[in-house]
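Quick setup: one chain, the form predicted alone, written in structure tokens, and binding and motion questions come after.
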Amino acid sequence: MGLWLEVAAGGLITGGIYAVVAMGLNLQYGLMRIMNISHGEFLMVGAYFTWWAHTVWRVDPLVFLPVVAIVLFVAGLVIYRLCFRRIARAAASAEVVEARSLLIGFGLMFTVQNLAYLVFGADMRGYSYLADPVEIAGARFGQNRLLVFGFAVAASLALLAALRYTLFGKAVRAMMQSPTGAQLVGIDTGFLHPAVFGAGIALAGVAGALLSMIYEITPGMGEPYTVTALIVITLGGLGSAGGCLLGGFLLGLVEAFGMYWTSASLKMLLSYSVFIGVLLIRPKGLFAR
């Protein structure tokens, strides 16, 4: 029983990280149709920023989380202004925005990734943080993993609450449902678009900071998380923040139990199998309404 609990907990911890990453990308794509394929690279930036602050300045990673979120949010505003604002305003259709943003995203991905290789090198980096195990119901968990799970779920629930109960969140949901109607009732897209893009980048940075507490990091770590985020968005449904949370947990559990029964090398095969199955059976997502 303890072994099953450990496998399930590992899947939920991984799924919580998946959810945070996917929520940021879902905000950007669901609101503006910007396919930011470089999203995972900002997860990597958040991880390295946290690693650097902890190893050089001896700052507690949990205390540093708000700093990571603020810095990456500001970086997101700058990137939107320099790279995506013009295509979001000038494109004739959502399809044109998707195509052009995809190309820009690839350029950003390789630029950020290679800058990280240039600055930090290709070696793995890491640090030990609250790695002592605790025992719960016969299963052993690292303290850092439990903290990461708690903070990932808290960040996801905070975003869900903001989207549901705040005026800003209602404006975002209105834009996702009907961009033209939202503009007709006075919602300012000039403010909303960069703010949402920055929030998406900030969520990726927070996910990277959490990952740095339990895994070693490399400049190439972000790319697989972008692909995983796209799979989670497909599972949960485009524009559904709650679906991202449930989809992240589902994918994490599928990967955890799949690797336990088969092999760790089949992780991506399992993910893509789920992805293709959902596209065939329910293309709008398992939790879309």
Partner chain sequence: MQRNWGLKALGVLALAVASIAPSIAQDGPVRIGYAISRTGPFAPGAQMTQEPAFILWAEQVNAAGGLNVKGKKRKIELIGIDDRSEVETMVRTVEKLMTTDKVDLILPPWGTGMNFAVMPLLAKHGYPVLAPTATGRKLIEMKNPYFFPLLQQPDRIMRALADMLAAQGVKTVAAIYVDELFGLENIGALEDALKAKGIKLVEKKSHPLDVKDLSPVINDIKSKNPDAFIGLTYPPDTFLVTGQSKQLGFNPKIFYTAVGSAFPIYRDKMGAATVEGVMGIGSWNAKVSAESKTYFDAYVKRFQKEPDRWGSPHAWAGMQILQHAIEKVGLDRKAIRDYIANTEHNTMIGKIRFQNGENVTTPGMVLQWQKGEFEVVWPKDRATAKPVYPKAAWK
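Residue numbers count along the first chain shown, from 1. Note that the structure is a prediction, hence the values are computed from the model and not measured.
Omitted here: the form predicted together with the partner chain. The next part is about that form.
None of 198 to 206, 183 to 191, 73 to 81, 126 to 134 except one has non-hydrogen atoms within 4.5 angstroms of the partner chain in the predicted complex; the exception is 126 to 134. Put simply, residue 10 is close to the partner chain in the predicted complex: some heavy atom of it is within 4.5 Å.
Residue 148 falls outside the set of residues with a heavy atom inside 4.5 Å of the partner chain in the predicted complex.
Using a 4.5 angstroms limit between non-hydrogen atoms, residue 156 is distant from the partner chain in the predicted complex. In the predicted complex, residue 117 approaches the partner chain with a heavy atom inside 4.5 Å.
In terms of contact with the partner chain in the predicted complex, the residue from 29, 249, 64, 225 that brings a heavy atom within 4.5 Å is 225. In the predicted complex, the residues of 199 to 218 lying within 4.5 Å of the partner chain by at least one heavy atom are, in order, 212, 213, 214, 215, 216, 218.
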